[in-house]
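As structure tokens, the next two blocks hold two forms of the same chain, structure 1 and structure 2.
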Structure 1
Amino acid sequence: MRGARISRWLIAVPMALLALATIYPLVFTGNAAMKTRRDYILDRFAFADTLRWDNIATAWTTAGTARYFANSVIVVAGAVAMLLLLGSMAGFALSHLRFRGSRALFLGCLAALFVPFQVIMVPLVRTMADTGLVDTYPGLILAYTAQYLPFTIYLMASYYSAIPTEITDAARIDGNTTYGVYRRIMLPMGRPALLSVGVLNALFCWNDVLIALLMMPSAEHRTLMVGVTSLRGQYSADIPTFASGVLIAAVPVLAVYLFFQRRIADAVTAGSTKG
């Protein structure tokens, strides 16, 4: 018993070190953002003596992060709204309505889940260019919607399939059409799943760089992640300003993580343990 307790502590030490290694890189970056260039060059590790916001301000205004940030917010909001609307409608239809070809559609949706973006990106960009959608907000929003929709439908359908048909039958007897059932039953009851899926999709879209790089070639339409990669070349000699840009991009994610940690983990693991 005593031996077991000691061995548990022996395991806890490397695990604590690993936890430190997980958090420290971000702490280092935040600390670098608070230093003057001179302080950073003299000693990278020492903690900044005061909270200095000049670098953040430079990154936000001079380096143009504000613009990139706004672009990201527009695109993420649009894509998440589209994903939740289309995903919940399709998820409801696939889990509760009987119609010809529903099985085939569900299988097609699953198949799309396994087509990685890299495989379709070349023809996709060409299709987008042909329809004049490249370098526009709707174009990038559509690209994200297409990318994360199969996963969203899958999660919504599996959540909705747990809602018993007695409830939808009762709503129909009360005179609701299928659309009424969707609006009055499925949307309100699906709120927890919509929230989880929405948060996860927001993270995916916010964090993406490859799709944004392909779909938004002009500098004024850069999303925040693409903007951060361009800061690196611009501020290679001014690490504190570069670190500030990285921090600006990371803080919203950090905030979302602290609020929705459990939901994110649950949504990620949904479907992994089902036989």
Structure 2
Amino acid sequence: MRGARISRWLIAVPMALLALATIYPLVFTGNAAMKTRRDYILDRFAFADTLRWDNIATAWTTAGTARYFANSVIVVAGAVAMLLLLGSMAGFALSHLRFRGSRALFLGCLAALFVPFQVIMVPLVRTMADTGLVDTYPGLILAYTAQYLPFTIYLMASYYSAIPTEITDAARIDGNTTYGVYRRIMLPMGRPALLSVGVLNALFCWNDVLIALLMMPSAEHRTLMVGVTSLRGQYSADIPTFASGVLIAAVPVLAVYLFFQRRIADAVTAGSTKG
């Protein structure tokens, strides 16, 4: 019994410290956003006396965060839609269709997961510039799709491979074409995986800074994360306004984690066991 209690403490203490290290930056940011510039300079670690929403309003309107927020919503929605469509179709093909080179194609998708974006960012940006897609919504959507499609294909193929082939064979006997099997059988059965992968891809695209900074250089088309980083230079002496922008950017991510945490865990563990 004593050994079991010691083991629990050895697990609980590091987990509590990790949770504290994760929560404290959010608490500090929210507290700084509620202060005036004078209060923050006098004591940055003291709790705010009253809740002041002026800084958040300033960051939302004057600093242009509302426009950045809208840009992020447009780009993330388009990228996630393309990723789910292409990823589900490719995952179905690689898991249930047998054709020459399917194994090599799947291994190629796995290999693409290990290629960092920094390796391909120069040719990608040059290609986008030559085609006139830099500083446009479709250009950033295509860049996100190219970056996260291998991850989406891998998870969807792992999920679809657990579906027995007898189901798809029965659908073909009933007269369904390959597209009919995908639309009538695989898409409905793949809804849990689609939701999980969609949530993860939305978080990846929302939190991205590097790709958006390269593809959207103008201030008008900045995404929220890039716009928030620019607040640090524009309002370098006004830390409460900068903290308000960070808080606005963090709230959607926190909401997604709270509502879809089980789906995120399912997506992370997809493919870890053989179906």
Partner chain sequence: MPLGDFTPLLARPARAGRADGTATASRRRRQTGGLSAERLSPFVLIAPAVLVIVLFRLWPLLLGVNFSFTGDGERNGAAVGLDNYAELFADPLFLGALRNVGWLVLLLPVAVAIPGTLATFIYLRVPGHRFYRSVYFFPAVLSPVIVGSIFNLLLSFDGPVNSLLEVVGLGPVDWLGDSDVALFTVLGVHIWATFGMALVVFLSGFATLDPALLDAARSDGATLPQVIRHVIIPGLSRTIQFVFVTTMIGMLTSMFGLIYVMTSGGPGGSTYLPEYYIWIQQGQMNRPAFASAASTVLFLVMLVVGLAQVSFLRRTGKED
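Bear in mind that the values here come from a model prediction, so they are computed numbers and not experimental data. Each residue is numbered by where it sits in the sequence of structure 1, with counting from 1. Each form is matched to the other, and the largest set of C-alpha atoms that superpose within 1.5 Å is called the rigid core.
S.K.: Between the two structures, is it 1 or 2 that corresponds to the form predicted alone?
M.R.: Comparing the pair, one sees that structure 2 is the form predicted alone and the remaining one is not.
S.K.: With both forms fitted on the core, check whether the Cα of S218 differs by 2 Å or more between the two structures.
M.R.: It does not reach a 2 Å shift.
S.K.: My question is whether T36 is one of the residues whose C-alpha shifts by 2 Å or more between the two structures, given a fit on the rigid core.
M.R.: It does, since the T36 C-alpha is displaced 2 Å or more between the two structures after the core fit.
S.K.: Rigid core fitted, then: does A46 show a CA shift of 2 angstroms or greater between the two structures?
M.R.: Yes, because once the rigid core is superposed, the C-alpha of A46 moves 2 Å or more between the two structures.
S.K.: Once both forms are fitted on the core, what is the Cα shift for A12 between the two structures in Å?
M.R.: For A12, the C-alpha ends up 4.0 Å from its position in the other form.
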